[in-house]
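Only one chain is shown below, in structure tokens, and it's the form predicted on its own.
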């Protein structure tokens, strides 16, 4: 498939959960999105936005109420078995054999996927090296930390050469070193041509890793595109860090009257995310700060987290 061929197409997807004891819950409400082959795609959204429901539908674990879904060119309803043969999935629940070593976990997973015997060890060595598991390869999973168990679970799916990989909160519970090794390995797998569908609550990971992003809320897609396109959907947002000699109560009150998304204070340093054009924001800030001595000021473009909060109407104050 070419770079622009869709690996996933979702059109007007609806999922309603009906419980006898309560009103129906509309988990997905006409959601549409497209994932191109060979990209790292990030699905973002607050708790209850519909991310898990969408993931379960795309991986054939749940049937939609209505709408159209194609995965790798196959209709989801008519060709679920064909789809399952071409995807790998890491869900939030750990699915590893705790009383087997890392090495045996990888070999067992490869055997389940009918990898020829002579290839299993070669693939296991490659994955162990790629995910930095050399030091624990012969240890049982039950003796490893939660972050390492999670890294093994992610590593397992790359034992098999499936074109589409779903990763649900792949780095949950990992320390920074484990997380970095896992992100580097995911990036390398993308360079090999695989499509990676990633859900995460860690927005700076999505900003660093993803080629395109969709933000969902209340079962609908509220934004989609690459990082620059996502940021362009809202007013210009800038992060401003400013340090004063001192901050009076009146200065603090005036600063908090700016069009803020975020405002934090640490002694005489204030960090803000401000909506609006850069020049206008700086001009207003300059007017407010008259009479105070500024030691340092720094202005940068907003992060994905700032845009995420702005799109969903929340606040980080």
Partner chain sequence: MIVAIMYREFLIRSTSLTWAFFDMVMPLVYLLVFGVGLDKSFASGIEAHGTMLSYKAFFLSGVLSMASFGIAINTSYGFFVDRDNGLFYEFLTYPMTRSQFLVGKILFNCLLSLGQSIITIGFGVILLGVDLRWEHALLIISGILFGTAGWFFFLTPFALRIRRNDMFNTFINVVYFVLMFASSLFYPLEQLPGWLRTAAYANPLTWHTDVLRYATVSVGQPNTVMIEAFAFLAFMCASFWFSVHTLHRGVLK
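The term rigid core refers to the maximal set of C-alpha atoms that superpose within 1.5 Å between the two forms. Residue numbers count along the first chain shown, from 1. The shown structure was predicted, so the numbers you read here are calculated from the model rather than taken from an experiment.
Keep in mind that the form predicted in complex with its partner chain is missing from the display, and what follows is about it.
Peer 1: Which of these stretches, 122-130, 85-93, 174-182, 210-218, has heavy atoms within 4.5 Å of its partner chain in the predicted bound form?
Peer 2: So the stretch in question is 85-93.
Peer 1: I'd like to check something about residue 59: if you look in the predicted bound form, is any of its heavy atoms closer than or equal to 4.5 Å to a heavy atom of its partner chain?
Peer 2: So residue 59 counts as contacting its partner chain.
Peer 1: Find out whether any non-hydrogen atom of residue 63 is located within 4.5 angstroms of its partner chain in the predicted bound form, and reply yes or no.
Peer 2: Taking the distances in the predicted bound form, the answer for residue 63 is yes, it comes within 4.5 Å of its partner chain.
Peer 1: Please run the contact check for residue 111 against its partner chain in the predicted bound form: heavy atoms, 4.5 angstroms, yes or no?
Peer 2: Answer yes; at least one heavy atom of residue 111 falls within 4.5 Å of its partner chain in the predicted bound form.
Peer 1: Does residue 78 reach its partner chain in the predicted bound form if we count a contact as any heavy atom within 4.5 Å?
Peer 2: Outside the cut-off, so no.
Peer 1: Going by heavy atom distances of 4.5 angstroms or less, which of 100, 136, 202, 242 would be at the interface with its partner chain in the predicted bound form?
Peer 2: Looking at 100, 136, 202, 242 one by one, just 100 meets the 4.5 Å heavy-atom criterion.
Peer 1: Does any residue in 161-199 get within 4.5 Å of its partner chain in the predicted bound form, counting heavy atoms only, and if so which ones?
Peer 2: The one in contact is 162.
Peer 1: Aligned on the rigid core, do the two forms place the Cα of residue 142 2 Å or more apart, comparing between the shown form and the other one?
Peer 2: Superposed on the core, residue 142 moves its C-alpha 2 Å or more between the shown form and the other one.
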